[in-house]
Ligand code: GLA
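This document starts with one chain, in the form predicted alone, laid out as structure tokens.
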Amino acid sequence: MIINKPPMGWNSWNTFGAEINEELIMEMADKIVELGYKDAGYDYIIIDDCWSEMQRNENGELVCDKKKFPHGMKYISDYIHSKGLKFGMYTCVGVKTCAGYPSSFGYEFIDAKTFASWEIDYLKCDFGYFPFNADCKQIYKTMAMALQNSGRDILFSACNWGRHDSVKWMNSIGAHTYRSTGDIFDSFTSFRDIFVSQVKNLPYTSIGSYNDMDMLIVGMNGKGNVAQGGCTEEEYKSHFALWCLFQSPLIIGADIRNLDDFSKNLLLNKELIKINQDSAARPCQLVYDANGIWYSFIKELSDGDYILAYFNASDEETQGQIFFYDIGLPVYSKVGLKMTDLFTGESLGVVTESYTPTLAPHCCKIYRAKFVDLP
């Protein structure tokens, strides 16, 4: 199974935590379709932790919580699939899930068969309660093998928080996405620290295996299970643009039933989503890191265009800069860049030699650039 682009969808954890049930999941599936998110590419509905009973059955199989999901997981799966969507679930490679529920340590092949029987399409595999002396790489490899031999194509979303140098081997053991960060919270500091920590890991993303920087917090506005003060609109714009630029999976964590127009329009920004879903899946390149104050990046797209991006990580206004020589475009090339702002749609015209925007605190500027021959 090859995943040609980062997955997009919705996950229950950021907003609802343990407060999940059959009615909620089905309503979210309805809204993903009704509100245009499916058409934009968000097609996974993922149930996170706290979905099971506290004990396995007599056959050693996981059992869904009968109060939360009275009709069973196959019923949920069928409903989600009837909407043209895909169904995702959660387990852990440790002896318990992060919330203390039964996990898959030692049960990998049994659980993979169970998940396949429920016809899931995506499995998030977390890292809670992992034994100190167990072999992390080997356990994730076992789970990958179990899924590959389950009789169903299931996207393997490994989530070991970047422990044990996992960015260097997750692709080789069969992970389609791999979390290399701790949990995200709804604050500027949280997503900034995650972004900064992943700059060094940019080269490891490739077609079929994508670095997962955790779920989106756009639209949470200080509410929900991972609330931590919330972000400003400019900060949410930076967060979403950076996740698109870094080709992280785009998994919404907010309650999509109650999003304001700003948040919905940002999540549905076609130009930013195109960057994330570009068929070449080339990682972006760091052009300059100004001592952690501001960063600039370039990314090549499959159609020959380039993305130029600037991010101000500081609390003060500053200027970002990209000298075109540093991105492979010398002055004597007689080539300029026709640049378009992907937030506003404004054209900057043809720019030569360098571009230096002013960046408000916590602000991101991102442009699509086309080559133009100069006279």
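Numbering starts at 1 and runs along the sequence shown. All figures in this text were calculated on a predicted structure; none of them were measured in a lab.
Just so you know, the form predicted together with the named molecule exists too; it's not on screen, but the next bit is about it.
Discussion item. Taking the named molecule as it sits in the predicted complex, is Trp10 in contact with it (heavy atom to heavy atom, 4.5 Å or less)?
Written reply: Output for Trp10 is no: heavy atoms all beyond 4.5 Å of the named molecule.
Item to complete: Tell me, yes or no, whether Ala134 is in contact with the named molecule in the predicted complex, where a contact means a heavy atom of each within 4.5 Å.
Response: Result no; Ala134 lies far from the named molecule in the predicted complex.
Worksheet item: Does Cys159 reach the named molecule in the predicted complex, with heavy atoms at most 4.5 Å apart?
Response: Within the cut-off, so yes.
Worksheet entry | Proximity of Asp111 to the named molecule in the predicted complex, heavy atoms at 4.5 Å | The answer is no: Asp111 has no heavy atom within 4.5 Å of the named molecule.
Practice prompt. Have a look at 118 to 126, 138 to 146, 242 to 250, 195 to 203 and name the one stretch with heavy atoms inside 4.5 Å of the named molecule in the predicted complex.
Written response: Flagged stretch: 118 to 126.
Worksheet entry | Partner-contacting position among Asp289, Glu271, Asp183, Asp305 - heavy atom within 4.5 Å of the named molecule in the predicted complex | By the 4.5 Å criterion, the partner-contacting residue is Asp183.
Item to complete: Could you check which residue among Met220, Ile80, Met89, Met215 gets a heavy atom within 4.5 Å of the named molecule in the predicted complex?
Response: Comparing distances to the named molecule in the predicted complex, the residue within 4.5 Å is Met215.
Worksheet item: Mind checking whether each of Glu234, Ala309 and His362 has a heavy atom within 4.5 Å of the named molecule in the predicted complex?
Response: Contact check failed for every one of Glu234, Ala309 and His362.
Practice prompt. Go through 80 to 107 residue by residue and record those having a heavy atom within 4.5 Å of the named molecule in the predicted complex; state none if no residue qualifies.
Written response: The stretch 80 to 107, when checked against the named molecule in the predicted complex, contributes Tyr90, Cys98, Ala99 at the 4.5 Å heavy-atom cut-off.
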